[in-house]
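A lone chain, given as structure tokens: the form predicted alone.
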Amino acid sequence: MGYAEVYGAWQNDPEGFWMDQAKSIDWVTPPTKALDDSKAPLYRWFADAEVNTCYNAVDRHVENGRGEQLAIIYDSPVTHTKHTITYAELQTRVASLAGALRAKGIEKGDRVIIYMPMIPEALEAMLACARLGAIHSVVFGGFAANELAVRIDDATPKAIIAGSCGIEPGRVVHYKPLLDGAIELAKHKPDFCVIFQREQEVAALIEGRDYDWHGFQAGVELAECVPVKGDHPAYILYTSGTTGAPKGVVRPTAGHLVALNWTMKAIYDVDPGDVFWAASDVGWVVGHSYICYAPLIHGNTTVVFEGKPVGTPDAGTFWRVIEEYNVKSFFTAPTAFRAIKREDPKGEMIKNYDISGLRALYLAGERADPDTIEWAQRIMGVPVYDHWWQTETGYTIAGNPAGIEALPVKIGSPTVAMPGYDVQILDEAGHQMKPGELGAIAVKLPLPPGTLPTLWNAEDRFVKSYLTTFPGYYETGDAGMIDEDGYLYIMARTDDVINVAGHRLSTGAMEEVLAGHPDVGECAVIGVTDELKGQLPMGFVCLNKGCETTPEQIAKDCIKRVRDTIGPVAAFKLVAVVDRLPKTRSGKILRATMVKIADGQDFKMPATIDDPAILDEIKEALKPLGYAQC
């Protein structure tokens, strides 16, 4: 069957479709029905089943004779370390850690916070929690003490598992002092902490509370897998940029297993045994779904990479990893490719590597501008698929189902809605809009298996945040359109659709125009306050390495490009050339913070910001334009 037939099969019988996919999971008690809608709009999937995530991700592969297959490849250019772990080795390692946690009182339903760098032990900690039915919450390693404390108070963990440090190019990030500070700040205190000591920094342990990772596991009995109900929370993941009360996305166990397993072939087109690489971090949803869980559930080999797209050691590091491990399917954020393109605009470094084993590149996490996609297609010689999803959904809302049928790529579109998602474009009153019209992107309820059923300890906030604006729909918070062929276009966050003298304009469309300039490596457009027109667009551009054109000329060229392409209606006349853009550690540009700086408003330092010093650079760049005066 092609895409249309598969999507049609889901539309005609949603429950039958997902019950059929559930056959690929090993159940303790199989589900008798797919959907429980008794508490709509709070839906549950496979609620009457019993299952264990760790068993499906590890043990069943060993029992099925594939214990010697590699489960994890660890490649850390920042520490000059490489090693591999088979499924059989992973089973022993995870069962040992789970046994030690159990001996210290961790049981089904207890919460455990994981605060670790990109090392295999981070995945082992996640899987050990899943083995016991404990609910993990991974917090990005290096998060500030105050932000970690907020998450400790919300999740109330019985234990915290942490690394002693993280390694960034040229510096060591001291995790243990941040952890100690967070516990001191938090009202809730964990019973104990387990610290994985890295050789780059051995942290001081607090007697009676802290345990060394290896000593903690000495002499313990290996733990078996504990069955949990289908709707039991597998984990809590706090969305990036959380301010005030934290927003803990809950991931339900059974739907998570069924949906992620389905995506590996249908979307990423890999078979069990193939090497799959998601260049992200376990602190983000991509790390949960596609570094840890989905590849292992499906029986793939997953790459755990501790490094950067440039600088560890150079802009060829991605090509080296793809060649060295024969990566079949590669997934990363567009910002990573923009960094590579900016450093190596002509793609010279890829000529030193053989990436012929790679089938496709997948981009997600932010809008993939056409210029970046075209550059990647040109230098890599493989299909480049943009796809769109969110922390809340855990996997693809719209993508190109290459394992079912590789649909024609329309650059600028993540292609079409996946089975489970009825995606619609709505106006402010909730009415469906015509093809090509810009509006709010919403998904008709119920959402499919594996998506968030609620927020942790915040059901009312879940309903208010996602289900109230458009009754009967999930509000994505993104704006876009659907064309005559059913292709979806994500133009901006709803907040990034600006109103210029009564005209609703997409900042994303302007970014596409700027990114097409041959000297522009990266860009962002925000809406700033204007007394006459309400809002005006303002562009920020970073130049490619080796650019010889003056910043003044680049600004003039960019203004002309937008006016020629989008028209005078855009009133585009403000451009700042900057060295870098403020981003989260996952690579998302902090546009809302930039707007506040430009408008002279007070703002809270984003918890997820990669380097706070960039904000001062943005302020300086704005002053010649007459902004950021407050």
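Throughout, rigid core stands for the largest set of C-alpha atoms superposing within 1.5 Å between the two forms. Just so we're clear, the structure is a prediction, and the values are computed from it rather than from any experiment. So that there is no doubt, residue numbering starts at 1 and follows the sequence shown.
The same protein has a further form, the form predicted in complex with a small molecule, not shown here; the description that follows concerns it.
S.K.: The chain here is shown without the small molecule. Which stretch in 25-33, 49-57, 569-577, 597-605 comes within 4.5 angstroms of it in the predicted complex, by heavy atom distance?
M.R.: Among the candidates, contact is made by 569-577.
S.K.: Do heavy atoms from each of R171, T332 and A501 fall within 4.5 Å of the small molecule in the predicted complex?
M.R.: Judged in the predicted complex, R171, T332 and A501 all sit within 4.5 Å of the small molecule.
S.K.: Of the options A279, A234, A162, L148, which one has a non-hydrogen atom that comes within 4.5 Å of the small molecule in the predicted complex?
M.R.: For this set of options, the contacting one is A279.
S.K.: Counting non-hydrogen atoms within 4.5 angstroms of the small molecule in the predicted complex, say which of R563, R591, R66, R585 makes the cut.
M.R.: Contact check passes for R563.
S.K.: Does at least one non-hydrogen atom of I526 fall within 4.5 angstroms of the small molecule in the predicted complex?
M.R.: Heavy-atom contact with the small molecule at 4.5 Å: absent for I526.
S.K.: Do G142 and the small molecule come within 4.5 Å of each other in the predicted complex, heavy atoms counted?
M.R.: Yes, contact at 4.5 Å.
S.K.: With the cut-off set at 4.5 Å between non-hydrogen atoms, does K533 touch the small molecule in the predicted complex?
M.R.: Yes, K533 is a contact residue.
S.K.: Determine whether any heavy atom of P309 comes within 4.5 Å of a heavy atom of the small molecule in the predicted complex, and answer yes or no.
M.R.: Looking in the predicted complex, residue contacts with the small molecule include P309, since a heavy atom lies within 4.5 Å.
S.K.: For K573, state whether the C-alpha moves by 2 Å or more between this form and the one not shown after rigid core superposition.
M.R.: Comparing the forms between this form and the one not shown, which are aligned on their rigid core, K573 does shift its C-alpha by 2 Å or more.
S.K.: After core superposition, I'd like to know whether R60 moves between this form and the one not shown (criterion: C-alpha shift of 2 angstroms or more).
M.R.: R60: C-alpha displaced by less than 2 Å between this form and the one not shown.
S.K.: Kindly check if the Cα atom of M349 is displaced 2 angstroms or more between this form and the one not shown relative to the superposed rigid core.
M.R.: The answer is no, as the C-alpha of M349 shifts between this form and the one not shown by less than 2 Å after core alignment.
S.K.: Closer or farther: how do the Cα atoms of I482 and G567 compare in the predicted complex versus the shown form, where the change is at least 3 Å?
M.R.: Relative to the shown form, the pair is farther apart.
S.K.: Are K573 and E343 closer or farther apart at the Cα level in the predicted complex than shown, by 3 Å or more?
M.R.: Here the pair is farther apart than in the predicted complex; there, closer.
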